[in-house]
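In the form predicted on its own, a lone chain appears below as structure tokens.
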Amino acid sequence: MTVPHKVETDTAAAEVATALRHGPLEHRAAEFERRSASGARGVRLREEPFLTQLDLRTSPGSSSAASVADALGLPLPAANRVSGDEHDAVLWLGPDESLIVAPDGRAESLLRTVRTAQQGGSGSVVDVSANRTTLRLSGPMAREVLEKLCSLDLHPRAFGPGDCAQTLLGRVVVVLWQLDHEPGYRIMVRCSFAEYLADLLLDAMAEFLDG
């Protein structure tokens, strides 16, 4: 029997590949720390790379959608809303499209779970984890930083914890997700635009570092 050996080899190869990964902004971690500010007018920036991200397509109100929600243990969200928390969540992206977000290493198990739930119905699920990295912007002045770059109304009466939107920051399309009241945000951006977006955010943060 050679199957156990193959499983061990595949597992070892996966562990090596994981160890060799580098986030697109990993080399700027110290810079982000240095250019963040604390206190009443503080704002902080850091990268959260390698989050599991699955693009889910399913017809709203269908039996397949209900099965997926049951399998995930999370209702599929209403427009521009998030179901779950920062650890396990489903974000609304469009009328028939959602983004499943989970910690690193969960893609394969979640793909199996969702595909099993979709059997016999319509829909699809695709691993898009490598498509985007995530920036976390938090602190009392985080909203003011974003308002320099984004045309959305981010006032708490219009956009608060559990809200999300696909929008532009500068000239970059992102998924913007407010996590809490601090406020803290996740900004999910294509890896090829991560450097540009980081520069925009750091520039917008500069006045609070000086203060």
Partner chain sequence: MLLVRCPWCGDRDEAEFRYGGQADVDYPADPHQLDDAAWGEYLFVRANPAGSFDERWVHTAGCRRWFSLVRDTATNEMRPDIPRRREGR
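The structure presented is a predicted model; accordingly, all values stated were derived computationally and were not measured. Positions refer to the first chain, counted from 1.
Beyond what is shown, the protein has a form predicted together with its partner chain; the following relates to that form.
(request) May I ask you to state whether residue 88 is within 4.5 Å of its partner chain in the model of the complex, using heavy atom distances? (result) Although its partner chain is absent here, residue 88 would stay clear of it in the model of the complex, with no heavy atoms inside 4.5 Å.
(request) Classify residue 80 as contacting or not contacting its partner chain in the model of the complex by the rule of any non-hydrogen atom within 4.5 angstroms, answering yes or no. (result) Residue 80 belongs to the contact set for its partner chain.
(request) Determine whether any heavy atom of residue 93 comes within 4.5 Å of a heavy atom of its partner chain in the model of the complex, and answer yes or no. (result) Yes, contact at 4.5 Å.
(request) Could you confirm whether residue 168 comes within 4.5 Å of its partner chain in the model of the complex, counting heavy atoms only? (result) Residue 168: yes, in contact with its partner chain in the model of the complex.
(message) Looking at 57, 148, 35, 46 here, can you tell me which has any non-hydrogen atom within 4.5 angstroms of its partner chain in the model of the complex?
(response) It is 57 that has a heavy atom within 4.5 Å of the partner.
(message) Exactly one residue in 29, 158, 173, 40 has a non-hydrogen atom within 4.5 Å of its partner chain in the model of the complex; which is it?
(response) Flagged contact: 173.
(message) I need the one stretch from 46-54, 178-186, 63-71, 149-157 whose residues put non-hydrogen atoms within 4.5 angstroms of its partner chain in the model of the complex.
(response) Within 4.5 Å of the partner lies stretch 149-157.
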